[in-house]
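In the form predicted on its own, a lone chain appears below as structure tokens.
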């Protein structure tokens, strides 16, 4: 790394980050206001225990020894190797329209294929968009409008400390043939990462965006408090796929939110693994007639893990729909919670919501909970919820053992079957990564 800020959070740090990034005055003012809000807002009184997270002992800005480049060969060898081990350049060559790679607090690589750029699609590092003569105004118009800093304590923290991330703009009636991908690698112990993703789709646009996250394990707490904001225009569609395989010292307090206009659709596909604590609830605001949201999520909690995940949907227009499908696994004393909010406002008649939550408990020490909240104000809406909790049966294990599998291999196969319908929603390379993670976790008792 070329620079690591002193631990803690204060105005001097905020001014230093803004100066290093050569930001306009309005962004520095915004950061300082967010810092004030952070100190005024209480931490969540519900959900996982966050007492092990001490901001005073976290470095909230770590600058890698590399500037952002558009040529892979220009990335320093050590950083480049970290991403090559994850298959990032190979994936870019084989089937991606563009790739962004972030290392700790800053982007080190960002590139879009020329054929995609010619269609008018914009894929920039978000700080480049902030200072870009053509996109600075659209950035300012949309930045932290869906997730205002006053929303919760860690939204305010993100507003004060955000660094790195991606800006995507897809013009009217433009379909991006191949996915765009951003990958976040967290390599510094005892530090925080606060990337921001801002995606704007005009009417009739279509995009698949892939997000990957990983970090090595350290013996001190790390914090990830990123933010994703997506604006989906009329009849536009986006699929946002995420696989988060953080290490077990990570506090993952991420916020993701989309607003969807008439006839538009947001698909959230989420795999949550690793991390000591996760609080992650992708949200769709269905703001136009016939808008839709689909959420497909899987999470695996092992020893010393408390994963509190789920989804939120707010419907404010008629004839909308939402499908929420979740599967969670708890093992080795892990705790898994599915938490959801469905809010159907008064004028959202003829809207439909279906939620299906299935949980699998692998042993007597583990725990899983489902906490759905429904607030239905429309007189004519169809809302249904189904939940089930099961355990791996001895009969299944014994049957597979008679076929030559060990007990751990049998459990691994059962778990992969349990999550199969969600795995198939992921891009191939991420589906392979997820299955490998499940296999390793079950067979190695992680």
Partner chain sequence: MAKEFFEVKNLKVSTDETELLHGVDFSLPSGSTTLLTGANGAGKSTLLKLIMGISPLRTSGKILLNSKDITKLPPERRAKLGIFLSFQEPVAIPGLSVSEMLRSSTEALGKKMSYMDFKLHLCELLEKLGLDPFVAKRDINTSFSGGEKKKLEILQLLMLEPKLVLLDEIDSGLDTKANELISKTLADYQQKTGATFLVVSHNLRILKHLTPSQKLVLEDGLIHKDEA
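Numbering follows the first chain given and starts at 1. Predicted model, so just to flag it, every value in this text is computed and none were measured.
Omitted here: the form predicted in complex with its partner chain. The next part is about that form.
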Is residue 44 part of the interface with its partner chain in the predicted complex - any heavy atom within 4.5 Å? no
Answer yes if any heavy atom of residue 406 is within 4.5 Å of a heavy atom of its partner chain in the predicted complex; otherwise answer no. yes
Could you tell me if residue 384 has a non-hydrogen atom within 4.5 Å of its partner chain in the predicted complex? no
Can you tell me if residue 420 lies within 4.5 angstroms of its partner chain in the predicted complex, counting non-hydrogen atoms only? yes
Answer option from 401, 391, 57, 377, heavy atom within 4.5 Å of its partner chain in the predicted complex: 401
Going by heavy atoms within 4.5 Å, which of 23-31, 391-399, 49-57, 36-44 lines up against its partner chain in the predicted complex? 391-399
Along 171-189, which positions have a non-hydrogen atom within 4.5 Å of its partner chain in the predicted complex? none
